[in-house]
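Quick heads-up: it's one chain on its own, the form predicted on its own, in structure tokens.
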Amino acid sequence: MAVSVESRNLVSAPDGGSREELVVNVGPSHPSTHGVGRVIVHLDGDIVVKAEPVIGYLHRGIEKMAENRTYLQVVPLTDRLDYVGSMYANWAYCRAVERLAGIAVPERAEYLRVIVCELQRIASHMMGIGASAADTGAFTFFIYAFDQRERIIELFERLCGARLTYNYVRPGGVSFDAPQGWTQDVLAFTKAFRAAAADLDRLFFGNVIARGRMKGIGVLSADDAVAWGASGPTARASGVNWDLRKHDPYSVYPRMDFDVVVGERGDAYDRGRCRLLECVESCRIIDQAISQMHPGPVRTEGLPRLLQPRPGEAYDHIESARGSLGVYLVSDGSVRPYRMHVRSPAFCNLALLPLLAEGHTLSDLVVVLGSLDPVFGEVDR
């Protein structure tokens, strides 16, 4: 792994002597940092003594830019937050706008939102666990996982014409109804994915090398997960049974029958496998949503292009692939938000890296970082 030597320092050893501490940079350009993240690592031999995440390399000032755009013009900016999960980044912002402006969403639009965001969850998890597997040397698994993600991206391209930044969920509904035959193809995907997920589970999580590289690595206790504000699979893998879709339900999720996947050990292995099993639960939700969905409008009629909510504030959150994704909005009565702030689960989960990496080897540090599934567009904002 390519790292650059920052310095060599003599520090006090427990026995009263001294030892040499090597300080190296991992990233920000190295692929093992899952984007433009940087970690300053203090090493005693090959053991991590201290790991300091350094963020800000992908800061675009999105929250500040929102103050100079209309409420509708902000939606494409949210695509650039969690760019591996743009659908639910759109949705979190739109729910905050709808709460602020008192906008009701048609039922069919709510079902379409659930369908696309559960598809997005699968696509995001395939990218997350695939990249983490590549960090351990299992590049074949990355290709297999990426193939499943590609099938979802093709469905999204048919739905809205885009493959990464979708701008699909809008205040008051969605931009387009599903084209003819699209829901049938989605059902065909969920059916095929269940078999593919079983193969992926055996291929990687059943592999003795993967188990050796991930089990017992970066163990996070349930108490620490709660204390540090972790959410999503990162927290649930530690036994924290908390999922906003179940415990603070929104949209049409109360009508869905699905299980919350909870781990036991809270290590890198459990975090990765929880994501895979969550994908199977997402298939259950998608199937139910399609069976329950009826024809109807997909946008609120008569909604002005220039929304002008009354002065006030609103906060809403959803369960993204990384955890509790929230958006806080303040209105001064104009056509632009006075203030927007994003509660980023990727940011909160990344803060755990120094705690989880300490005492592990440098190669284990990469595994721990990947198991947190960071997306630095959302971390830096």
Partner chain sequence: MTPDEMAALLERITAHNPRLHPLFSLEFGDAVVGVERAELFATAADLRDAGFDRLGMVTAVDRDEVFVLVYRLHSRSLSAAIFLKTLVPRDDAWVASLVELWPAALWQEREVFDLFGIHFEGHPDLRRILLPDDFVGHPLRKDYDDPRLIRRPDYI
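None of the values given here were measured: they were computed from a predicted structure. Positions refer to the first chain, counted from 1.
What follows is about the form predicted together with the partner chain, which we do not show.
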Answer for Ile55 alone: is it within 4.5 Å of the partner chain in the predicted bound form, judged on heavy atom distances? yes
Do Cys348 and the partner chain share at least one heavy atom pair within 4.5 Å in the predicted bound form? yes
Can you work out whether Arg336 and the partner chain are in contact in the predicted bound form, taking contact to mean some heavy atom pair no more than 4.5 Å apart? yes
In the predicted bound form, is there a heavy atom of the partner chain that lies within 4.5 Å of any heavy atom of Ala230, even though the partner is absent here? yes
If we check the partner chain in the predicted bound form, which of the residues in 89-103 reach within 4.5 angstroms of it by a non-hydrogen atom? Arg99, Leu100
